[in-house]
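Shown next as C-alpha cells: one chain only, the form predicted alone.
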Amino acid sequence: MLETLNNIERDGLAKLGDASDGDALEAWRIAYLGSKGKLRAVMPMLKDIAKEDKPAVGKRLNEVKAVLESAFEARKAGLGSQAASGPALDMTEPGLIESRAIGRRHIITRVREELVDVFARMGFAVAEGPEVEDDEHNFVKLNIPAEHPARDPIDNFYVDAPGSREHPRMLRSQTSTVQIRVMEDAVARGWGPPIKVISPGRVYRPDTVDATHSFMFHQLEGLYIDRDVTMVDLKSTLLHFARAYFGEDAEVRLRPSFFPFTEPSAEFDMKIALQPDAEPAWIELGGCGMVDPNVLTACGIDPEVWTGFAFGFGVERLAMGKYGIPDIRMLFENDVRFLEQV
C-alpha cells in the first residue's frame, strides 16, 4: 500500500509537469484527485491492511493528497490565463438533487390507459381518428338530421362556416366519428365486420365551464358489430367493465333514452361518491344503445345481416368517480398540489 501511494505521488508529479494548458490540467485533476481518481481508488484497500499498519498508511495517504493538491495549485497559478477559469467542474461527480419530487403522467392519461386495458381484456382493439372532422362524419352518417339542435352552430366549434361548403369542417363534438370511419374502412378494405373497437380521444363543445362541464374533454367510444348482437351483450359488457374498473360492488343501471344513432338507446349511470364523506349518488357516465340500422346502411353494412351496439363515456367523469375528484376544473388547472395527490 505504501509503495502504491509512493508511485501515485511520483507519477502524478511527473505528469503534472507535462500539463501545458487548462484542459490538460483539469484532466490531470480528475485523474488523480477526482471522485474516481487514483487516490480515491486506493481508499477501499485500507480495510485489508493490518490494524497496526493503518495509522502509517493513513498518514501517508494524507501526505500524498496534500502534496498533489499543493502541486496542482502551484501549476495552475503558473499557467495563469492558460488555466481553466472559474471553479473546476468534475463531470464524474453526482449531481445535486434540489427536488425529490417524482414526476408522473397526468391523471387523464393514466385513466385512459386503465380504460383501454380493461376493454382490451374483453377483446376490443383501439382505433383513432382526426379531431378536425367534417359534418358528414360528425352528424350526417350518425343519422343526425339537419334540423337537429345538436347541429346548431352555437353548440359546435366550426372551422368552416356552415353552408360554405358541402361538408363544413369542425372540431369533433363526439368520438362517434371514429366509429363511422372504422366501419367505412372495414367495408372498403374488406376486413370486417365483425368489428370490435374502442376509440379514446378529445372532443370539443362550447359548454360553459363549471364543476362538471368543460369546452374540451375526453371521451371513450365503444363499437361492437357482429351477427346476432343484442342489448344483453351491451348490458353484460358495461357491467363487466364497471366491476373490473370500480370493483365488484359497483352499482350500475341503464335508463331508457334517445340518441339518433342508436335504437333502442339508454343512459349508463353508476352510483358514485364524489366526496370522501358523501353518500353515493347516481351519476350519468355516458350513453349507449344498439346501432341504428340507418347508421349501418350509411357505412355500407347490411343491417339485415349485422347488428351491433355502441357506447360512449366521459373520461373525466370516470376519473372523478374513481378518484373522488369533485370538480372537473381541477384536472386542467395544473396545480402541483393536486397533481401530486392523484
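When you see a residue number, it is the position in the sequence shown, counting from 1. Since the model is a prediction, treat every value here as computed from it, not as a measurement.
The same protein also has a form predicted in complex with 3,4-dihydroxyphenylalanine, omitted here; what follows describes it.
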(Q) I have Q174, R205 and F261 flagged as a candidate spot, so tell me whether each of them has a non-hydrogen atom within 4.5 Å of 3,4-dihydroxyphenylalanine in the model of the complex. (A) yes
Q. Wondering, does G287 line up within 4.5 Å of 3,4-dihydroxyphenylalanine in the model of the complex on heavy atoms?
A. yes
Q: Please run the contact check for E221 against 3,4-dihydroxyphenylalanine in the model of the complex: heavy atoms, 4.5 angstroms, yes or no?
A: yes
Q: Please check if A310 has a heavy atom lying within 4.5 Å of any heavy atom of 3,4-dihydroxyphenylalanine in the model of the complex.
A: yes
Q: Among 174 to 182, 126 to 134, 244 to 252, 109 to 117, mark the stretch whose residues have heavy atoms within 4.5 Å of 3,4-dihydroxyphenylalanine in the model of the complex.
A: 174 to 182
